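Form predicted alone, single chain, as structure tokens, below.
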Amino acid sequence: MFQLENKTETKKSLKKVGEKVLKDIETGNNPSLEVPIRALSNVKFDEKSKMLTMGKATAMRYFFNVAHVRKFVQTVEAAAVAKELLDVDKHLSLREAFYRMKRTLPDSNINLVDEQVESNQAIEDLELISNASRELLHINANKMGSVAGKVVVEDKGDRVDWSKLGSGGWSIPSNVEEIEFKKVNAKFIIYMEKAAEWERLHEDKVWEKLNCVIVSSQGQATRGIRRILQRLHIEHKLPIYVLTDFDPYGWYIYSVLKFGSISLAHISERLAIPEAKFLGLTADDIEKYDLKKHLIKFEEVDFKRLDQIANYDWFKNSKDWQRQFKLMKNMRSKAELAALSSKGITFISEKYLPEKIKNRDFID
């Protein structure tokens, strides 16, 4: 978990990174950075906390090393961009940071970064080296989530009522640390992977009828979404129910929300929600609601993803999940939540969700 909490500490940390590199140069040493390893080999599942955690293994990255120099320079450039942002008190999106870093090195035809994945990785490495979150470095992800419910927050001095924002709801920002919850009137939260299902639930005012908060993303949840879910869960004791497709990738989204992810294991304590429950489509729902004709046949990549998930340490000893994995594999198929609309336009809102929640038909 990151230890730094404010702008002043972050600037000092970045200065130390620069001073260390400068000292190497002045003393004639090969400039280097010590970077914690972000890989499965350095990640473990903590049975006590029920979260993925990062180990202590690190790797040295040297300037005078052909295999290291590109990533070394990319990380130093990311630090320079972050320092500039902090100095002028401005923010950049990850995409803007990529273009800020993308330039051709003098007297060459080599770009510092060619793809955004490179700048993203450099920024994540900088987080670990500086011990400051990306948000403290003033670099934000795109807003990709919506929320509605009987909640009032204060954001940058503005009071926002999540129940009075029209058909689009409130767009969840990348950095939610400074958001203050002024009023929270809800019994639980339903998080869903697809905006289309959120729109269905919002139009049907599920958040009002079931007295809950509804949250969506587009695929994997952003850090801002995961953090605001965790804050509502911890600070206001709201249970989190995850609604996804009957699909290995939907189940992986649930896994990341609940236990954390390999690439962000270093901040699981600020993102993971071990008490989250799965509310989405199961093999039993396919049978119960007669959705077999809406099944989508597996491709080879689906079988591989399912096998990967089934062998995760955090799923290995779960009889309920292993049963679902086996049933899905036998079906050789997956299904989308949208298939429920075949039972009626508002079926998911008026029957499926109320029944599952009332009967506590969850998987832990």
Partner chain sequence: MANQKTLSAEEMGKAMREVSVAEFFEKNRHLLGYENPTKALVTILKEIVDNSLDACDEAGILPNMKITIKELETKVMYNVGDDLGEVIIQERKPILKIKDRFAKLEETKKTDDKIEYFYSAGGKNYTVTETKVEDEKVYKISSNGQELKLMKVPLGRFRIIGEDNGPGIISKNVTLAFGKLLYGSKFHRLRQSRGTQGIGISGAILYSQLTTGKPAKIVSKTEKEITDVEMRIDVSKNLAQVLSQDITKNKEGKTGLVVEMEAEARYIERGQSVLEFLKQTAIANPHAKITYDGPGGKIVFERATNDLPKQPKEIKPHPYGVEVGILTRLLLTTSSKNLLHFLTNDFSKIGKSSAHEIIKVSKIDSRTKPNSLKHEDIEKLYRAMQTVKIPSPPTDVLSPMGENFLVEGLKKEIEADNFVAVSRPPTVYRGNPFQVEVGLAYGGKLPRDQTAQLIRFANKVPLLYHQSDCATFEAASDVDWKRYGITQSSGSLPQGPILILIHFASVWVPYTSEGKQAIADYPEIIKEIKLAIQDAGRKLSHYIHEQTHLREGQLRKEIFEKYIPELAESLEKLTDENKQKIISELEKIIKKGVSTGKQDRDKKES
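It should be emphasised that the depicted structure is a prediction, and the values quoted were computed from it without experimental measurement. Positions refer to the first chain, counted from 1.
Unshown form predicted in complex with the partner chain; subsequent notes refer to it.
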query: Should I345 be counted as a contact of the partner chain in the predicted complex, where contact means heavy atoms within 4.5 Å?
result: no
Check your understanding: At the 4.5 Å heavy atom threshold, is L327 in contact with the partner chain in the predicted complex?
Key -> no
According to a 4.5 angstroms non-hydrogen atom cut-off, is N65 in contact with the partner chain in the predicted complex? yes
Requested in this report: Answer yes if any heavy atom of H294 is within 4.5 Å of a heavy atom of the partner chain in the predicted complex; otherwise answer no.
Outcome: no
If we test each of I309, M51, M331, I37 for a heavy atom within 4.5 Å of the partner chain in the predicted complex, the one that passes is I37
The stretch from 296-304, 331-339, 43-51, 65-73 that lies within 4.5 Å of the partner chain in the predicted complex, judged by heavy atoms, is 65-73
Near the partner chain in the predicted complex, with a heavy atom at 4.5 Å or closer, the residues from 104-122 are T104, L105, P106, D107, S108, I110, L112
